[in-house]
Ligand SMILES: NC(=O)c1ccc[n+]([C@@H]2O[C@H](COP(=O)([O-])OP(=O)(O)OC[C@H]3O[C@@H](n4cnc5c(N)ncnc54)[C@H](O)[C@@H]3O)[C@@H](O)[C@H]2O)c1
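Okay, so here's just one chain, in structure tokens, the form predicted on its own.
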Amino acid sequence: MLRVGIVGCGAIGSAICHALDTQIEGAQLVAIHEHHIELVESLITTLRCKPKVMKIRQMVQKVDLIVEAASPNVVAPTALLALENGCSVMIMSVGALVDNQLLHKLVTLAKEHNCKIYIPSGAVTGIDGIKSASIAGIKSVTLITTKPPQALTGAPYVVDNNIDLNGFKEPAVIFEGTASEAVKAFPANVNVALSISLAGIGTKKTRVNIVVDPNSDKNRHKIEVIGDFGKFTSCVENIPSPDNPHTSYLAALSAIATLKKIASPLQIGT
């Protein structure tokens, strides 16, 4: 039985907890860490398994896998502590890995302690294709992310450039740059850019365009890949999480699917 601990009980963390409680055979929710006491107490009342609330330092002694579902600034302390104690980790706030030194340190620790670092596909499709294509060689990867104005509210790039998101009457590109630049400019919006980069040609070669669409209530991601294999385009139109408009519902589902894959003897997909 895979013993799992969850760090962060927001929209994604709560969805993962409920899935572990009822849907994932071979995995058990053992522990939760969350700073907001009322939130975690309310969540536990809806769960049958009644996980223990504990500090991360305690959690790593009790579980086999920790799922980080909090925020980018939580990734480093959580993942480092987990791996140092021989505990695998799943990272949802993958944008934190734009820090190459952190990424290298985590991978080194995972090797030393025979652990795994899992990064779900998140709110996009096509990661399997990118991983396969990279075996032969990829020439270019472009991510075009389109979101409604409310989903981009508070992004550092929007704030720093005084962009009036409510002033747009039709779709408009508000950002063009590399994946590393995009993740820093929109840390709560384009985590997928980092996942795509790690699967393919890196953060400096992967290109990202961000479009604001005042006429849409969906989050859309289009990935265009050209390589020695040929060319493919992957498009997904996501419904925002009902609990957090900055997060796509598919992101939580991808984490649940990854947990099912880890716990299952049958492995499907690249």
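Residue numbers run from 1 along the displayed sequence. Note that the structure is a prediction, hence the values are computed from the model and not measured.
Same protein, other form: the form predicted in complex with this ligand, not shown, and the subject of what follows.
Asks: When this ligand is placed as it is in the model of the complex, are G10, S93 and N191 each within 4.5 Å of it, taking any non-hydrogen atom of the residue?
Replies: Checked in the model of the complex: all three residues contact this ligand.
Asks: Okay, which stretch from 23 to 31, 204 to 212, 223 to 231, 65 to 73 lines this ligand in the model of the complex, with non-hydrogen atoms inside 4.5 Å?
Replies: Correct option: 65 to 73.
Asks: If the cut-off is 4.5 angstroms on heavy atoms, which of these, N244, Q58, S42, S216, is the one near this ligand in the model of the complex?
Replies: The option sitting close enough to the partner is N244.
Asks: Test of understanding: in the model of the complex, would V141 fall inside 4.5 Å of this ligand by heavy atoms?
Replies: No.
Asks: Would you classify K52 as touching this ligand in the model of the complex, given a 4.5 Å non-hydrogen atom cut-off?
Replies: Output for K52 is no: heavy atoms all beyond 4.5 Å of this ligand.
Asks: I'd like to know if H35 sits close to this ligand in the model of the complex, meaning any non-hydrogen atom pair within 4.5 angstroms.
Replies: Within the cut-off, so yes.
Asks: Taking heavy atoms only, is C17 within 4.5 angstroms of this ligand in the model of the complex?
Replies: Judged by the heavy-atom cut-off of 4.5 Å, C17 is well away from this ligand in the model of the complex.
Asks: Could you list the residues in 122 to 140 that come within 4.5 Å of this ligand in the model of the complex, counting only heavy atoms and keeping sequence order?
Replies: Sequence-ordered list: G122, A123.
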